[in-house]
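Take a look at this single chain in structure tokens; it is the form predicted alone.
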Amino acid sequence: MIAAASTTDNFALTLEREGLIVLPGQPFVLTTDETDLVSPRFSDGQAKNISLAPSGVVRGAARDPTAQIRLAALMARYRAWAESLIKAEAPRYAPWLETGRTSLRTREVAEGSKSPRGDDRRLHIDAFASQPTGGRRILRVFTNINPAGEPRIWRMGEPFETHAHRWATRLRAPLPGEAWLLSRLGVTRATRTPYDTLMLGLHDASKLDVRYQREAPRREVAFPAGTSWIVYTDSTVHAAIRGQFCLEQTFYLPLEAMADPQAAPAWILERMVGRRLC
């Protein structure tokens, strides 16, 4: 059962329909005991980010037990802050909020990735090959913690529905038994629904199309150091093109939590194809 939006849902409605909200001021500030952790030297040099799983496991960090404990404490504090923020601004989400990974991003975005699919400088929506969402929304909270005061630069693309129609002819339906096999082999951490297959198709089609990346409509947005922003990255076409040192918290929300479920990618894609996807 999806609850109707109320007069207290303005924040949630704006976020779901616009995709992104920038928070005023400096809502999250590092303590003096945490500032030295904002450095590439704490990365293992292999992983894209240093991350904290909901279970408490730290990945991507250098093999320094003391540093790992401190990094975990920083990311746990950010996770708690981000969760409190979402529950305060969008109280309808509180019963449904599922916590995902917390990340400390120390790499310069402009370095890019060897893999086009992994290159976040290319316009895309978020969809994860190994982590199907089954239609749940991907909500992320970011904070630019660059110690040199440098902004984080994003590009924002076209509306999700326009984006989905652009690639409609390239999207494929899952093969019979494909989702079961991927789950059985451990390729995916949950069963990939037809929705997940289409979303992954959108992600890959846009990232791999050189002409689209060159000519697609976009606008540039700068997030100054100290700024936090909240974004539905599954429906917001975006690209991170420049910036270093950022904290990020991922949450998942079901359609039942939405103030405007018809703005969700699952509803839009189901209207496009004329059948249930998740």
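Note that residue numbering begins at 1 and tracks the sequence as displayed. Because the structure is a prediction, the values reported are computed rather than measured.
Although not depicted, the form predicted together with a small molecule is the subject of the following passage.
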item	value
Of 161, 126, 89, 150, the one that lies within 4.5 Å of the small molecule in the predicted complex (heavy atoms)	126
The small molecule: the contacting residue among 136, 105, 79, 192 in the predicted complex [heavy atom, 4.5 Å]	105
Partner-facing stretch of 93 to 101, 192 to 200, 118 to 126, 68 to 76, counted where any non-hydrogen atom is within 4.5 angstroms of the small molecule in the predicted complex	118 to 126
Contact label in the predicted complex: residue 58 to the small molecule, heavy atom within 4.5 Å	no
Distance check, residue 225 to the small molecule in the predicted complex, heavy atom within 4.5 Å	no
4.5 Å heavy atom contact, residue 240 and the small molecule in the predicted complex	yes
